[in-house]
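Only one chain is shown below, in structure tokens, and it's the form predicted on its own.
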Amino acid sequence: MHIFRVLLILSFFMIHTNVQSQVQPDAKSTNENLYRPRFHFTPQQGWMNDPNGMIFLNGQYHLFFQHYPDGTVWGPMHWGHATSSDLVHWKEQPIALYPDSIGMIFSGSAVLDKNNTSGLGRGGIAPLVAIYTQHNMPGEKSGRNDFQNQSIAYSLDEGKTWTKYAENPVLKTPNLKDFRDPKVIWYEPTKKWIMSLAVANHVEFYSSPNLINWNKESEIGKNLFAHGGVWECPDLLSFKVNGQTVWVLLVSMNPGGPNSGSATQYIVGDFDGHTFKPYTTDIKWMDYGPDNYAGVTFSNVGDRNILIGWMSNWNYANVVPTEKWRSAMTVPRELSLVKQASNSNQFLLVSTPVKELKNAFVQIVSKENVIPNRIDIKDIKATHFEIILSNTYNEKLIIGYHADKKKFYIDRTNAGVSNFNPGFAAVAVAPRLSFTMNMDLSILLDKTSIELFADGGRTVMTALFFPTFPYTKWEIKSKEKIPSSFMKLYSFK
């Protein structure tokens, strides 16, 4: 493969190079300055994984998340909390939920109980209700099978403070080790709340009139779809496609992803408030990169489906080379569904950065010596190309497309620090899911991450990298010259 790449690069025509003077920061401060992202959320300190309880309320987006504030590796889980008015700039808030005698606070969701079906509202204030898994670690260590149960808490001050329901848990496990990650929506036709719950190797659906009393409706997935690891963090979404209501079930799975470790698959079909009927049993991945996991969507955002994922992979999440904090979130993404053929039930889930991000970048109009934070390339011929970021230490991150194989790839075999995990320095690949002659690309580059959206978001890849020192040079190599008018470069404001 390396010999082929050398020959390929020799035949490529270099069309653009931006160079920035090399800055060599003090090695002791390199980690914090070099690795903390500019436009991706990270906690100020401590460990973070799954996004939880995301909801929009009175002009504020609330992001709750799995958090261990006292260490940079996974530990006793809390719900951290951050807010934003624009989905770009986040302000970390005090911790929302702490572990208690029932257990740690694992993943879940939050809803606005507008009609006070739960009876937890007071004085005409509709309660914000969090539904989450409680994990009892002593129970797990003793070998019991009843250590994961579902509990609720409510807030009457827009998520600032929370009161745990006095009779928790509201849904007890039927003696299953993996019984977790409740994602709840309101289903108007039956006037009930629907909970999607990850149960070992499948998803179960429960219904409730009041968020407190739950009954099982159905299940899906035991012998269908991808099963390389345990199923986690389901999310049930609806879309309007040419007047048709189509449902999508997101299911994260670890391990077993297309590029090793953690990944998220999706299932398209019908849902009637009781059962989910898939249109096909094809295995489909929401993001082919190695570093987008446990993504779920915001509630209370109308017809939009806005997703944020955990930008890491359980293969190495505990050992990536950051010091005060670990893990970042992906940028918020708008999900949509497109039909692949007019006379079929074949649909493709499409992901693009939310429209709010557009105003966060300013176009580079002069030949400034900067590494762009966003690269947009429109209507180019689908031919071989490579975008190469490098520094004076011969570290390189390569993003490319192989026209013969119709595959995108992200090559981090020599991108920087990788000794924390033997599988990190690898090449991740993804199929091109559009068959048009030309393609478009939008690439987001932060200090330690790349997010690639190809063909309007039909193929998506997310990957981390950790250069020893900042990349100071970038170039595009392509068999066919890309007109400069087809490419726009942006910096984060």
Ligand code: FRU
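Residue positions are given as counts along the sequence shown, with the first one as 1. All figures in this text were calculated on a predicted structure; none of them were measured in a lab.
Although not depicted, the form predicted together with this ligand is the subject of the following passage.
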Contact residue in the predicted bound form, from L250, A153, M77, M311 (heavy atom within 4.5 Å of this ligand): M77
Among the candidates R180, R333, R326, K183, the residue which, in the predicted bound form, approaches this ligand to within 4.5 Å (heavy atoms): R180
Contact at N373, L445 and T472 by this ligand in the predicted bound form, all three, heavy atom at most 4.5 Å: no
Residue contact check: E386 to this ligand in the predicted bound form, 4.5 Å heavy atom: no
This ligand contact at S107 in the predicted bound form, heavy atom, 4.5 Å: yes
Contact of Y293 with this ligand in the predicted bound form (heavy atom, 4.5 Å): yes
4.5 Å heavy atom contact, E204 and this ligand in the predicted bound form: no
Which of 32-40, 47-55, 421-429, 455-463 lines the interface with this ligand in the predicted bound form (heavy atom within 4.5 Å): 47-55
Heavy atom contacts to this ligand in the predicted bound form at 4.5 Å, residues of 231-259 in sequence order: E232, C233
